[in-house]
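Structure 1 and structure 2, given next as structure tokens, are two forms of the same protein chain, each shown alone.
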Structure 1
């Protein structure tokens, strides 16, 4: 940025997202936060803040179901929950523990990294097949490029227990008829009947459902950041109620040390 451009922003920031007028009101993307925006609800407010868009009640219910079902696992063995529990057993503050736990959800093979890649694949595949591309050839070309099909497969088990409940909610809300979901289900059918034997995982499903609600990848990435907090919070509080430093201790005899022996200083 040039010096002249920087001068335009000195002591000045133009924004349409809102303003706080102390002692009077808060403007939230053109709405009064205390009277107009209040009715949006928490999930609706988050997405309105991200994109300026208001969603229907069925869409908001679907988005909230994604948060509840896809990431709210209160298991301290899971990578981000483990950090939250470690913070609790170390008697760190909750804010520091939660910040560290959410930071690692940026990982590329799980969490937000996996969501972004799945969104890219499903959006690109839906568009390509709508324009006449062969679904199987498109999927295999993506697999060759990325070494996997984003949104499909799971390292521990072939079954993703979240798919059934999420699809049931989508069907109840009549949000299961979009082209992105149809593409994702077709890819799953192809992969399951191929030598790869891979089913869809939760990342693939939530991305397809979100894309069918015309949610952009950027907006869904920002929103999905919250989805793990349902598991992160209880793991921290559980650890604070146990003895300090007791979270998964490791005795020295469990370490296979192959370096130099004991030395005298």
Structure 2
């Protein structure tokens, strides 16, 4: 940006997002927060805030189901949840623990790093196969490029227990007929029967369902930021209710040192 352009921004921020008029009202993307925007509901308001888009009731129910089913595991061993539990056991504040845990959820092997890659693959694959590309060749090209297909396979176990419940909700809401889901299911069928033996994971499924609702990759990435909070909250409270420092304490013998031998400075 040129110096002249930069100067125009000093003390001036033009926006359509909203503003607070103290003592009077709040405008939220062109709506009055306390009247018009209130009717959007919590999940609806979040998405309206991200993109300005208003979803239908079935779509909102699907998005909320994704949050409930895909990341709300109150298991303090899972890495992001563990930070929340550590914050509790170390007697830090809930807000600090939750903020750190959600920041960490932007991971590569799970969470938002995995979600955004899965979205990219499913969106690109759906488009490519609609234009005549071969699904198997397309999938294998990604496997070759990234050594895995985003949205498929899973660390620890290849079975993803979330698929059935998510698909059941999508079916109930008649949101299971889109091209992205069809592509994802075809890729799963191919990979399961290939030497890779990989099934779809929840990231792959939620991305396909979201793409079929015309949600963009970046919008869904922002929305999914919340999806682990269901598990993060109770891991903190659980740890604060127990003696301080009691969450999986590490004794010195838990260190497996493989570095340089003893030496003097």
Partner chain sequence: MANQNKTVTEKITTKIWDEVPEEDNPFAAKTCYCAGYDVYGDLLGKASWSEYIYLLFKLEKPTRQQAALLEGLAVVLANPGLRDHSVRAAMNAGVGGSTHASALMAAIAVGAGNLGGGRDVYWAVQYFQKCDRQIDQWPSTVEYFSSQEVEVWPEREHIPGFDPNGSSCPLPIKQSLSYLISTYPEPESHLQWLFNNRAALEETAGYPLAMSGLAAAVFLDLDLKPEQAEMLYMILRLPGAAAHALEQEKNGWRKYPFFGSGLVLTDDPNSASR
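Only residues modelled in both forms are compared. Numbering follows the first chain given and starts at 1. Predicted, not measured: the structure shown is a model, and the values here were computed from it. Definition used throughout: the rigid core is the maximal C-alpha set that superposes within 1.5 Å between two forms.
The form predicted alone is structure 1, not structure 2.
Core-superposed comparison between structure 1 and structure 2: CA of residue 20 displaced by less than 2 Å. A movement of the C-alpha atom of residue 248 falling short of 2 angstroms is seen between structure 1 and structure 2 when the two forms are aligned on their rigid core.
The two forms, fitted on the rigid core, differ between structure 1 and structure 2 by 2 Å or more at the CA of residue 260.
Taking residues common to both forms and aligning the rigid core, Cα displacements of 2 Å or more over three or more consecutive positions between structure 1 and structure 2 occur only in 251 to 265.
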